[in-house]
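Quick heads-up: it's one chain on its own, the form predicted on its own, in structure tokens.
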Amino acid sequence: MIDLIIIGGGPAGMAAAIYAARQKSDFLLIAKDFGGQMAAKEVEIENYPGLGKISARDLIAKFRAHLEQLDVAVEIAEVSRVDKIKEGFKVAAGKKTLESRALIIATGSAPRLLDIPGEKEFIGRGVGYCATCDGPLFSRREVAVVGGGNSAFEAALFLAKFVKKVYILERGPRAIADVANQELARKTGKVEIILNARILRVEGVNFVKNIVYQDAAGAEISLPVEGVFVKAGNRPASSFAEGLAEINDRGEIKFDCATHETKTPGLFAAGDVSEVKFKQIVVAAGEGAKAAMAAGEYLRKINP
């Protein structure tokens, strides 16, 4: 049994690993991949302190290089189950079962589905969740981005490099993205923002042909597009923590703000999987560092 397992390869998990290494903990980082939602960023990251503009790929590389410098032990696997045992926790990761005295969950979140007719039917045939992956396929075509947050506007900014026009469809009366991102989108001359648009369905035959939404007056509008990129928020990857941690109505893990500890002693949460309000890379990294320091205090308390 080791002291600590950290689950998650995003900024929270990697920062937690860096701080656990500094405390000389006997620990393991389990990650199915590296970068988390950071890897899906469609534009350069401009708000990470000290780095100015940097691509997500380069920032992830810097995190990983730091882990390598500290000789952090990494297990590339997906965690399917976590159980509480007398001495701590048992983690099922891939084909292995591992045990630790303390555990940090930093599994982040995944794109939230719209759950509307046509969405799943046209995945890979016009419906997508990653503009950087699929955007160039829609060169000189018209596409829609569903959502009004930073991820939606960043996707639109990336798509504007290739497509004829981008429609941003936001359900509410205003977009919630940073003002800077909204201004950049307007400057492209290719982005049109449609507010009060409640998405009803995606239509097509072999590929997407329309997205249908209801406007503020209740009328159904059919918008001809060949691509639909869903950026309607994320759902926390917290399912395996149910029963061990309290989960709020958004699926986020609840924890003690002072210690990052959940209702189960020795179980900590950090980053986008938790109920922390602001979902930003720098915030996740800071939360991961705090969780690792709190886990260190816990381990010293149970094993002076």
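Values in this document were obtained by computation on a predicted structure and should not be read as measured data. Sequential numbering from 1, following the sequence displayed.
Below, we refer to the form predicted in complex with a small molecule, which is not included among the displayed structures.
At the 4.5 Å threshold, heavy atoms of residue 183 stay clear of the small molecule in the predicted bound form, well away from it. Residue contact with the small molecule in the predicted bound form: residue 237 places a heavy atom within 4.5 Å of it. The small molecule in the predicted bound form is not approached by residue 55, whose heavy atoms all lie more than 4.5 angstroms from it.
The shortest heavy atom separation between residue 264 and the small molecule in the predicted bound form exceeds 4.5 Å. Residue 79 is the only one of 191, 199, 79, 175 with a heavy atom lying within 4.5 Å of the small molecule in the predicted bound form. The chain is drawn here without the small molecule; in the predicted bound form, the stretch among 119-127, 150-158, 216-224, 137-145 whose residues come within 4.5 Å of it by any heavy atom is 150-158.
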